[in-house]
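In the form predicted alone, a lone chain appears below as structure tokens.
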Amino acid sequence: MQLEIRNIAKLYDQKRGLKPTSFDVDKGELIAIVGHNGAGKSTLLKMLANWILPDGGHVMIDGIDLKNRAAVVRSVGFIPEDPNLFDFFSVAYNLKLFALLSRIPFLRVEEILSEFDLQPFRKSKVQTLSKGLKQRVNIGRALLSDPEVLILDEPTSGLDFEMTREIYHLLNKMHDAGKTIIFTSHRPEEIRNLATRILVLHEGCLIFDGSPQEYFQSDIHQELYS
């Protein structure tokens, strides 16, 4: 297994957060995390991305404890729902800044600009970009270190049909390249088209872990979207 999650929890109060949760992730899986708002989805992703610390439990990535941030920082790429970019800087400068912080050669920035068709926007300030382009930059930034695990929080939230389809293409391309991908979504068609496995959270608890076919045939799916 690539990720081993054991009893990680983060409670903000009795009703919000994630209760002790355990599951394993094999290399190359494409997992959708599903649940109502407040179910604990974003909290789970932020703990896996080392953005927030759990109250308890642990996560191992390729046998290395997630607490060893220096050892795993290049292993996980996190794309939050709201792009964490510097709006007043150009696309290229944003990527170079993150590369510098992670000690990644600037040649990798040029590769990302080409791979994500961002060359025409390299001098554009992020604040002038559409939400879809910002998301493309955000995903490119997360891939600067070529991480083995990619974590995305609502990757197509607020995007139009064309940009949503483009994000689907990028995710499938990365999955075909062997990346392990974990993402959250409220869209049944997105879950059906992308995921190889589905986890459902409800009130901070993991209540379902199975294939898309099992999920869409289950009462849980009907209850979530009824």
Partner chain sequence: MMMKNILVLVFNDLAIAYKNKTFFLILFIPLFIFASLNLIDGTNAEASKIKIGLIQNYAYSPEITGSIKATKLIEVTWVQNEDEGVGLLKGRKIDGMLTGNEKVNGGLALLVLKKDSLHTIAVVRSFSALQKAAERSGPDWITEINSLHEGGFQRQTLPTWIMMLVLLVGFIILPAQVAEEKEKKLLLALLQTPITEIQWLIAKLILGMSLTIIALLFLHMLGQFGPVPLTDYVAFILAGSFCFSAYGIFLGFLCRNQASARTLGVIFYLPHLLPTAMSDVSQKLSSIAPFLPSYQLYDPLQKILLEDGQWTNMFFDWSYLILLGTLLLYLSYLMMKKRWLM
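Positions refer to the first chain, counted from 1. Just so we're clear, the structure is a prediction, and the values are computed from it rather than from any experiment.
One more form of this protein should be noted, the form predicted in complex with its partner chain, which is absent from this view; the next part is about it.
Three-residue candidate spot Asn50, Arg69 and Val73; every residue lies within 4.5 angstroms of its partner chain in the predicted bound form by at least one non-hydrogen atom. Residues placing heavy atoms within 4.5 Å of its partner chain in the predicted bound form fall in a single listed stretch, namely 77-85, out of 152-160, 128-136, 107-115, 77-85.
For the chain shown alone, Arg103 is a contact residue for its partner chain in the predicted bound form, at least one non-hydrogen atom being within 4.5 angstroms. In the predicted bound form, its partner chain lies within 4.5 Å of some heavy atom of Phe98.
Shown without its partner, the chain has Arg141 as the single residue in segment 111-146 with a non-hydrogen atom within 4.5 angstroms of its partner chain in the predicted bound form.
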